[in-house]
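The chain below stands alone, shown as structure tokens; this is the form predicted on its own.
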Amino acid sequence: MIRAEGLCVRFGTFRLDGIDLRVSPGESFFVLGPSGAGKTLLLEALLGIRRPAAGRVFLGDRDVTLLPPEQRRVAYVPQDLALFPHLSVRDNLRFGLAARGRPPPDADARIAQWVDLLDLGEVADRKDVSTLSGGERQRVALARALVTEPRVLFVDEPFSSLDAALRRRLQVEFRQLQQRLGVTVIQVTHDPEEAFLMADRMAILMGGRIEQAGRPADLYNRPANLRVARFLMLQNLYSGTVEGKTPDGLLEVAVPDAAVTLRASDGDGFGPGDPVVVGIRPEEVILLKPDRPDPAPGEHPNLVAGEVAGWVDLGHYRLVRLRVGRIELDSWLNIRAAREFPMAPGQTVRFHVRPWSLCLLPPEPGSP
């Protein structure tokens, strides 16, 4: 549906370089990255607001690099939503059609359709858009874009200013709508949770370059490098060395600061003697209750004892910090399990990590 080849965009001293991406029809594609990564700049180049210094943009088989947005049959929902305060809700929706030239004969029918789909019936005749709630403003902006039946909908952090509960509800609603309608969406965000919730595929943009692209689960479980791992909140990162391989093909990785050797199944490209960074997600650290019998030999290849350094309850889960040798390791317990798990500072607890839950990454200067 839309693709970029070798895209380079300059903005002052900042530049996007060598951007290659492809978005399929009906796909929800997210550009995810920290503030200042160039996400909005990339969106503007794909949309046609900003002309690239090099590279090309295609819609289908058509080269649209030099075409303005109004000739691309695309739509845009900016971060500030850009509703017109002097127009009523219905006139804001009609503007999306009028901006393309002569409104189609079925303009009123289209508007009625989107009013219904986005549950705007109670506010459709509101004269003053400033009286709308945050969620209502969000839906009006989406309706104004979708009423034009765009080939691609571009969305720039539309939920960032909403409170947490409303933001999550609207994200779910928009994702369900996108899937039902089969609309192709390219959306930028700095929020990994939003991208994991709403994306079919995503690209991690940092410093003007795409570090990794793929399905959310692939990026989450197998980040390409330490920069991506840290951005995607892989906080348990430790220096290690590959010592060898077991008969069943698992890598044995020594973590000196913890005085343990772990077995990992994710070891492509690593061999004995190679330095690595071992990543362990908190939800993959499985705590064993003190009253549980000792596991059978070999039942848990990575069975480790640690000391409870402290914990904090964060609503739906408990974050437990464990001390193992000279390292500290975070683990998550859902709040129900936490209530049934006796715990005290200084207490020794056992935990295990499954071999396929370990993520091995190449070290970088100053890592981990």
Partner chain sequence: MNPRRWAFPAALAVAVIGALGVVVALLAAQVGYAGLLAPVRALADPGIRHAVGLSLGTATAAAGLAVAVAVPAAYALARHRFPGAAVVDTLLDLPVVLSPVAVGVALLLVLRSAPGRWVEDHLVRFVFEVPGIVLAQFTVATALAIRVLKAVFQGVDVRYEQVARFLGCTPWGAFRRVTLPLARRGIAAAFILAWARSVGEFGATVTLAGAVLGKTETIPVAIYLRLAGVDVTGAVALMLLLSALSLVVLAGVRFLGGGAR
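Positions refer to the first chain, counted from 1. In this text, all values refer to a predicted model and were calculated from it rather than measured experimentally.
The form predicted together with its partner chain is left out here; the points below concern that form.
- No member of the trio Asp248, Ile280 and Trp332 reaches its partner chain in the predicted bound form with any non-hydrogen atom inside 4.5 Å.
- The contact with its partner chain in the predicted bound form, taken as any heavy atom within 4.5 Å, belongs to Gly96 out of Gly208, Pro192, Pro216, Gly96.
- Contact with its partner chain in the predicted bound form, defined as a heavy atom within 4.5 Å, holds for exactly one of Val285, Val242, Val74, Val115, namely Val74.
- When its partner chain is considered in the predicted bound form, Pro68 lines it closely, a heavy atom lying within 4.5 Å.
- Contact check for Ile49: a non-hydrogen atom falls within 4.5 Å of its partner chain in the predicted bound form.
- Not displayed here, its partner chain is approached by Thr148 to within 4.5 Å at the level of heavy atoms in the predicted bound form.
- The closest heavy atom approach of Ala82 to its partner chain in the predicted bound form falls within 4.5 Å.
- Residues of just one listed stretch (106 to 114, 85 to 93, 160 to 168, 208 to 216) have heavy atoms within 4.5 Å of its partner chain in the predicted bound form: 85 to 93.
- Along 27 to 45, a non-hydrogen atom within 4.5 Å of its partner chain in the predicted bound form is carried by Thr40, Glu44, in order along the sequence.
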